[in-house]
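Taking the form predicted alone, here's one chain by itself in structure tokens.
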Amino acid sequence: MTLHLEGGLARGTLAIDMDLAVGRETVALVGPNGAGKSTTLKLIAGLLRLDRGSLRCDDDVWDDGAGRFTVSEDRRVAWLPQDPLLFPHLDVLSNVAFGPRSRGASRTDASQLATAMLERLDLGRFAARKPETLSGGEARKVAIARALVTRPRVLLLDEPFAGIDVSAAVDLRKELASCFADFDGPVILVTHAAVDAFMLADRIAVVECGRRVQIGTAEALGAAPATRYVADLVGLNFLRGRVHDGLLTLDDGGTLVVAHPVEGPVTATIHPRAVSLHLSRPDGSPRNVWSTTVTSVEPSPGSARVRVEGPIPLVAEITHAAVRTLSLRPGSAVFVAVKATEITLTPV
């Protein structure tokens, strides 16, 4: 089964021009706020109509941008927004049974289907409880059960981890990974967290200004990020410029000696671990050394990310011990060193 969206719409200041094909896999949509990720889900769910182009699921045309349009209930698409939207007056079992009942199943059959789905997702103990007694993570799991019990062709999730605590997110991530593996159709997940995209998605589609600017595995995106946002997503420094005779002149100012035999316009990426910091000018082999100032020190498990300002703003990843030894803090004066061989160039 393949879902293919190729078209767009304009709504106020937002313009969507999307080309996205998803088979039996999980694709994560990531991008800045306002990029059009949730709008894309609404187009697929049938909550919005295309101004032009087409939306197809296999041979079924759901929207041709003109007169042909399949309404939401006939698409068999399960859409899970950030709010689980459980019916407050119904218990968990009745919430999950609502889908089969709305499709014509008898009360007994719907209850049996709902019970089986709750057991599959380890939610059976919540069957008699009302939504108000559930935690955020539990409510999300119930909403997923309610979506899956209808056997949808396409599964859409919009920020499923928003507003739940870290421990609940860990459990929910495990449940979703299992559900996605068993689901026989396209799964599209909108998330702002790179870790969720990397752990749950087979491919990652980056959306900026209403367009898909890059799609691929996490490894592929890391090997050749197309934009600064993608580089930030995979944790790389991203630069643009032009190479001539082994010298990279950056669009934003500054130059770097490079080792790759490339000429012309390029994007350059530098892993933060390849950026070294020193209190005095280092000796040895680095061909790119300059003095600058630390703007921030961001601790994280196992290491710290240190940002430095111009002439070439970069992020360095160093150990906590190195931060203490160098006494790094905002305003600290440092020398930056980057080996020419650590700069990866991609012609553009």
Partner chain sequence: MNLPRTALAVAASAAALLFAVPLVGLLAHAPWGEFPALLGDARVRNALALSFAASGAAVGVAIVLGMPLALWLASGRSALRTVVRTIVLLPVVLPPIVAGIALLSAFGRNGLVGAPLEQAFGVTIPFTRVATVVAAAYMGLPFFVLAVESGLRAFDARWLDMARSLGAGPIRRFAYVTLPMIFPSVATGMLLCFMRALGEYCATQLFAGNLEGVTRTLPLACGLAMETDPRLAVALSLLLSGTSVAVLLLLKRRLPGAP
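Residue numbers count along the first chain shown, from 1. All figures in this text were calculated on a predicted structure; none of them were measured in a lab. Definition used throughout: the rigid core is the maximal C-alpha set that superposes within 1.5 Å between two forms.
Omitted from view is the form predicted in complex with the partner chain, to which the following refers.
S.K.: Does L47 make contact with the partner chain in the predicted complex, using a 4.5 Å heavy atom cut-off?
M.R.: Close contact exists here: in the predicted complex, L47 approaches the partner chain to within 4.5 Å, heavy atoms only.
S.K.: Test of understanding: in the predicted complex, would F98 fall inside 4.5 Å of the partner chain by heavy atoms?
M.R.: Output for F98 is yes: heavy atoms within 4.5 Å of the partner chain.
S.K.: Would you classify P88 as touching the partner chain in the predicted complex, given a 4.5 Å non-hydrogen atom cut-off?
M.R.: Answer yes; at least one heavy atom of P88 falls within 4.5 Å of the partner chain in the predicted complex.
S.K.: Can any non-hydrogen atom of I204 be found within 4.5 angstroms of the partner chain in the predicted complex?
M.R.: I204 lies outside the contact set for the partner chain.
S.K.: Would you point out which of 318-326, 294-302, 59-67, 39-47 contains residues with a non-hydrogen atom within 4.5 Å of the partner chain in the predicted complex?
M.R.: Residues of 39-47 come within 4.5 Å of the partner.
S.K.: Heavy atom within 4.5 Å of the partner chain in the predicted complex: which of T227, T255, S72, S276 fits that? Just give me the one.
M.R.: The residue in contact is S72.
S.K.: Tell me, which of P81, G216, G136, G235 has a heavy atom within 4.5 angstroms of the partner chain in the predicted complex?
M.R.: That would be P81.
S.K.: For T249, state whether the C-alpha moves by 2 Å or more between this form and the one not shown after rigid core superposition.
M.R.: No, shifts by less than 2 Å.
S.K.: Using a superposition on the rigid core, decide whether the Cα position of L236 changes by 2 angstroms or more between this form and the one not shown.
M.R.: Moves: no, less than 2 Å.
S.K.: Once the two forms are fit on the core, has V154 moved its CA by at least 2 Å between this form and the one not shown?
M.R.: The answer is no; the displacement is under 2 Å.
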